[in-house]
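Given next, in structure tokens, is a single chain: the form predicted on its own.
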């Protein structure tokens, strides 16, 4: 390969929100002009938590439409649907035979999901990081544009790559995280990170002006005394972080001074954010509508990309099977 290869995927658990856009998709956009990129909808990961099988197919398509509307260009990158490339699960099983269960049980994300879904603790949930490693290693990707919270999973990938290489010969690179500008988008609910699983914490990329205004109006501003230095954590801190994220530096300085002098009006700050978010999302929404109206074009893009990905994946699997004595 002349260019470094990049792989990243988003689960089909609903429409993309600002956290996905700044934390992952913007990183993808920065990479597609420079690297050999594969961007996936990881539907096999989606089913490790409770989901509706009747809507999964449409959820996958919604993410593809969001990818295209955000600016991912099928002439510059491949847009993959994970379950359409069965080599993902084949490689994941083979890699699972060389990786300890105890290491997976210690991962913070596994513990968090167990707490979140105490009645839905399944083998796939434990297996998730191995499948994630297989997703990336299947294409011998070197860069993964994800948030800092995914670093433990990247370390699992590197450990698996090193173990496989030591046992069977040099095969896989050790993937590194590509840091995006907005790799950590704060929650509107006052928590740490914007998340689809926390109602009131996110803004969807398809939200109209009034919906954005309603969601921002409900954003936490904490309680208690204002004045002095802007807090580092909590609802107020998150609003100021969003000002920075949208490069509203002059407004940030003004509201920071207003906070320090106890003159801040949160309704004014929130309206500034509303307008900035809406302005950012308008072009995305216009492009998405065009793709929604041309289903054949979208189908052709998906099918062509999946065919290319199948060919690349099979090349890796032939090498893996041979080295493991299975071919």
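Numbering follows the first chain given and starts at 1. Model, not experiment: these values are computed from the prediction.
Only in words, not in the display: the form predicted in complex with a small molecule, which the text now covers.
K.L.:
Going by heavy atom distances of 4.5 angstroms or less, which of 95, 236, 242, 136 would be at the interface with the small molecule in the predicted bound form?
P.N.:
In short, 136.
K.L.:
Let me know the one among 196, 158, 215, 254 whose heavy atoms come within 4.5 Å of the small molecule in the predicted bound form, would you?
P.N.:
Answer to the contact question: 196.
K.L.:
Work out which of the listed stretches, 290-298, 269-277, 39-47, 54-62, brings a heavy atom within 4.5 angstroms of the small molecule in the predicted bound form.
P.N.:
So the stretch in question is 39-47.
K.L.:
Using heavy atoms and a 4.5 Å cut-off, decide whether 8, 147 and 185 all contact the small molecule in the predicted bound form.
P.N.:
Contact check passed for all of 8, 147 and 185.
K.L.:
Give a yes or no for residue 15: in the predicted bound form, does one of its heavy atoms lie within 4.5 Å of a heavy atom belonging to the small molecule?
P.N.:
No, residue 15 is distant from the partner.
K.L.:
Can you work out whether residue 128 and the small molecule are in contact in the predicted bound form, taking contact to mean some heavy atom pair no more than 4.5 Å apart?
P.N.:
Output for residue 128 is yes: heavy atoms within 4.5 Å of the small molecule.
K.L.:
Look up in the predicted bound form whether residue 309 has a non-hydrogen atom within 4.5 angstroms of the small molecule, and give yes or no.
P.N.:
No, no contact at 4.5 Å.
K.L.:
Is it the case that residue 132, even though its partner is missing from this view, gets within 4.5 Å of the small molecule in the predicted bound form, heavy atoms only?
P.N.:
Result yes; residue 132 sits at the interface with the small molecule in the predicted bound form.
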